[in-house]
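The chain below stands alone and is given in structure tokens; this is the form predicted alone.
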Amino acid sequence: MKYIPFFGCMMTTKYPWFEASVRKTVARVGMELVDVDGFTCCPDPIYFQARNKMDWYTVAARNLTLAEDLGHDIITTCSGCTATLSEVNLALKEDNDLKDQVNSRLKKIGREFKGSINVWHAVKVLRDDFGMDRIEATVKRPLEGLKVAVHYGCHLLKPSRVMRVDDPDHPTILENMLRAIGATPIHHEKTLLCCGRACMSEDIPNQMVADILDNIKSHQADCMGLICPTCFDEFDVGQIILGRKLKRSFDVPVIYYFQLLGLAQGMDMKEVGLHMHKVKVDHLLDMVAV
């Protein structure tokens, strides 16, 4: 099965080892990625959309047309990119007047949105098109004994009509995907909370991050597992910055799901980029015999 990967801005520029871990792991599951030249920022689902929504529609629609040229669905590996591309794709399919407005703009650069493909987050495709058994079959080193506190974030689940990933109030997809690689998922009280990145106030996101990390530590989880590079940014380097401000140490390793999948598939820490994290994970690697 072929899919067009959309890795977005943050992953390709700031966390390229996330992209590498996706490419390496999904290939072992049997997913073929077909790259497209010319993708831009999705663009951002919060600030860009709030500033000029028609520009937001147009830039996203242009990205979608590049995938339409090849006829394969897009998979995204960033929840924010999923939010933008999924919402625009659905809105233009449902609203012909809006589609005509956007296409009148795209015509200036020789492009047209047709609505011929879909947009899915990579974890949904793994679950629905390949299945947990297929994931389990690639595991060479089950992450037994590793307790992973799940963080869903905002955009993966909501709005559910657009995202179509899981029950927005009682999701199980990340827990099940962690079980498939032998890890123990920890669904804690703050699992569904926002990382705080979109808040304009400085104090509010700081408190949100602190509350989530404290809650994870109270459950004695070994690390946080997530699926969004923006959330990762907020919790990895973010907890160090916050710790200095509050004069305390959180020491909660933060790991992107496809890095965990790579470890379970037998890759070492450098192959999945774990040595690049600000909050070090060395002691966790002893647990999984890397």
Partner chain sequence: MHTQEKHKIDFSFREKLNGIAEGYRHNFCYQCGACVADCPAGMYSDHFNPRLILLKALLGFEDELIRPDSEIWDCTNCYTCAERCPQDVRPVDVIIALKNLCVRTGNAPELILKTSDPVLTSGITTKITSVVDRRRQEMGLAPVGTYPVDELKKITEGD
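Bear in mind that the values here come from a model prediction, so they are computed numbers and not experimental data. Numbering follows the first chain given and starts at 1.
The protein also exists as the form predicted together with its partner chain; that form is not presented, and the subsequent description refers to it.
Interface residue among Pro185, Pro168, Gly115, Gly182 relative to its partner chain in the predicted complex, by the heavy atom within 4.5 Å criterion: Pro168. Cys154 is the sole member of Cys154, Leu213, Leu126, Leu178 with a non-hydrogen atom within 4.5 Å of its partner chain in the predicted complex. Although the partner is absent here, Lys270 is a contact residue: one of its heavy atoms lies within 4.5 angstroms of its partner chain in the predicted complex.
Proximity of Gly262 to its partner chain in the predicted complex: non-hydrogen atoms within 4.5 Å are absent; the residue sits far from the partner. At the 4.5 Å threshold, heavy atoms of Phe250 stay clear of its partner chain in the predicted complex, well away from it. Taking the partner from elsewhere, Glu32 is found to have every heavy atom lying beyond 4.5 Å of its partner chain in the predicted complex. Contact with its partner chain, judged by heavy atoms within 4.5 Å in the predicted complex, is confined among 118-126, 168-176, 68-76, 135-143 to 168-176. Relative to its partner chain in the predicted complex, residues Asp233, Leu246 and Lys280 are all farther than 4.5 Å at every heavy atom.
Annotation for 54-78: interface residues with its partner chain in the predicted complex are Asp55, Tyr57, Thr58, Val59, Arg62 [heavy atom within 4.5 Å].
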